[in-house]
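In the form predicted on its own, a lone chain appears below as structure tokens.
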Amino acid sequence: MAGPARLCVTNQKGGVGKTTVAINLAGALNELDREVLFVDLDPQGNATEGLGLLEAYDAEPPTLLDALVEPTDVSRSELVYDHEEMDVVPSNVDMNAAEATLAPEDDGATRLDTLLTELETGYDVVVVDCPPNLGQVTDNALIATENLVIPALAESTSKRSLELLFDYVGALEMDYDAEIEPRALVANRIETTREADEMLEWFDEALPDVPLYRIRKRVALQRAFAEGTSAFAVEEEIDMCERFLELADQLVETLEPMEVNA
């Protein structure tokens, strides 16, 4: 039976604005009238905070980690929080123990896949925000979704981080007989510099088959984050909303006909 499109927003390099991209992509999908489930896998809980659900980060069990350990034993009502733009499975302080808890020698890297099957009925798209590192938690996101949105800065350091990410994904594909596809590269926080211009050219040349979306640095995006919403839910008009809508529209066009979980 087919289910919603699943995708994860990931880059093991910190400081690239990964969570801002994830939240605004989810907001753009909501603008396109898609029902979105947002899952914050990052133990730091940045997306949980950026969606105004900070109290959930310190909530008592059952939490997301409990659900990953026993995916069929935690109810949807215990995990999913309401938000004006999307439903949210928040992170929790307990997720700091996830790397040690999800043992690689068993099915530790496939727990999220099982959990999403339990939770995703009624949604059109699942957006998973990953931690800024590689390991068991990110493995779960990659295997469960098999569709990547990759934020990267228009800086030379992104070359190495992208090489490491694609090498890692290739190894994971072999280990789990998976096909994990990069669906979009988001050049984030672009400033008007020569280095940025050169990196944008490099992105096009190095990844010609991956659509590139340019998000310029805007303080207004951080203001929306501080208000607990995407840029689409604030009164302030933000020009980068159009770029996020283009990204969301392309992903919908690419993924929805695929019946990802068929």
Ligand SMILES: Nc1ncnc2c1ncn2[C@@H]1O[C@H](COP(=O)(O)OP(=O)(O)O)[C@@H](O)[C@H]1O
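Everything numeric here is computed off the predicted structure, so don't read it as measured data. Residue numbers here begin at 1 and follow the sequence given.
Same protein, other form: the form predicted in complex with the named molecule, not shown, and the subject of what follows.
Does Arg183 reach the named molecule in the predicted complex, with heavy atoms at most 4.5 Å apart? Close contact is absent here: in the predicted complex, Arg183 is far from the named molecule, nothing within 4.5 Å, heavy atoms only.
His83 versus the named molecule, in the predicted complex: is there a non-hydrogen atom within 4.5 Å? No, His83 sits far enough from the named molecule in the predicted complex that none of its heavy atoms falls within 4.5 Å.
Taking the named molecule as it sits in the predicted complex, is Leu37 in contact with it (heavy atom to heavy atom, 4.5 Å or less)? Looking in the predicted complex, residue contacts with the named molecule do not include Leu37, since no heavy atom lies within 4.5 Å.
Are any of the heavy atoms in Ile238 no more than 4.5 Å from a heavy atom of the named molecule in the predicted complex? No, Ile238 stays farther than 4.5 Å from the named molecule in the predicted complex.
Within 4.5 Å of the named molecule in the predicted complex, counting heavy atoms only, one of 83 to 91, 188 to 196, 108 to 116, 175 to 183 shows up; tell me which. Contact criterion met by 188 to 196 only.
Check each of Leu41, Ala67, Ala26, Leu221 and return the one that places a heavy atom within 4.5 angstroms of the named molecule in the predicted complex. When the named molecule is considered in the predicted complex, the option within 4.5 Å is Leu221.
Heavy atom contacts to the named molecule in the predicted complex at 4.5 Å, residues of 13 to 33 in sequence order: Residues within 4.5 Å: Lys13, Gly14, Gly15, Val16, Gly17, Lys18, Thr19, Thr20.
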